[in-house]
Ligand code: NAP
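A lone chain, given as structure tokens: the form predicted alone.
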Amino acid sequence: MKIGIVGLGLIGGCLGLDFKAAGHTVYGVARREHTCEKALTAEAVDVASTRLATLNGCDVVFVCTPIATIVPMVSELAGVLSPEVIVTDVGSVKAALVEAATAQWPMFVGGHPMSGKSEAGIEAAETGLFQGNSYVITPVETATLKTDKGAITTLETLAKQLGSRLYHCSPEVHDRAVAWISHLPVMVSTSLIQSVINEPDNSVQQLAQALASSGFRDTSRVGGGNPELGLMMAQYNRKEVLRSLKRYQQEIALTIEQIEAEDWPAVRQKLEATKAVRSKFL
């Protein structure tokens, strides 16, 4: 199969490496020539170019650009690709994109491979990033739009070749679930870092930096990630991010009340409950 990838960053590069290993021919498109050169050097693609026309003749095209540019990119691809080509994306937000992209391209399938790492760019690409992780497919069915079943089947096959665990849901359900386990953690982690750096006593802040270890590293990791991605999560999944933040705010307020009241049994009960349930999410 001939597979096209638009956007040769971390996810695009990892897809290219794994699809090449599976025997597919991979065509990559990036905005800059030096990114194309890096992708070729990393052997993440067989062909690399800055021209979308390079993808003419591909069977499936993965759009791995930032969330804000996915729908405009699908529109651009519509002027290049043959009507039977399947187009999919890897965006972490779906409701704001899938119907609009499907209206532009009837063979569009919304997708979200839920894998990543703290490093960004083609330089950080590696094989096996998707192995054992979730891959969510988000078809639509409205009065005027319906995701093509054959396109879904093809994407399922490719996701299985990545070693991913497949899930299907509507774009709206995806966004609500992902807000809890991905977007909310980014906002909470960001707020944690901001709280620490706003400590008014400079000597205390410096000591906190010196003492920071695994606990701070684990809880602050996603807040120290790609700022553009975090902004796009908040902007394009605004409703569900706000919903989850407000619920989290209620939990924080309850914890404050319990500690102020020295209600240690309640605090202990909460800690024991979260310890027992955390393993279900990992």
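None of these values were measured; they are calculated from a predicted model. Numbering starts at 1 and runs along the sequence shown.
There is another form of this protein, the form predicted in complex with the named molecule, and it is not shown here; the text below is about that form.
Checked against the named molecule in the model of the complex, the candidates Ile70, Val241, Leu55, Ala48 yield a single residue with a heavy atom inside 4.5 Å, and that residue is Ile70.
Only one of Ala42, Leu245, Val222, Leu229 lies close to the named molecule in the model of the complex, with a heavy atom inside 4.5 Å, and it is Leu229. When the named molecule is considered in the model of the complex, Ala120 lines it closely, a heavy atom lying within 4.5 Å. Residue contact check for Cys64: one or more of its heavy atoms lie within 4.5 Å of the named molecule in the model of the complex.
By the criterion of a heavy atom within 4.5 Å, Gly4 is excluded from the residues contacting the named molecule in the model of the complex. With a 4.5 Å cutoff on heavy atoms, Gly91 counts as touching the named molecule in the model of the complex. Three-residue candidate spot Leu8, Arg31 and Pro113; every residue lies within 4.5 angstroms of the named molecule in the model of the complex by at least one non-hydrogen atom. This chain is displayed without the named molecule, yet in the model of the complex the stretch 91-99 from 137-145, 151-159, 171-179, 91-99 comes within 4.5 Å of it by heavy atoms.
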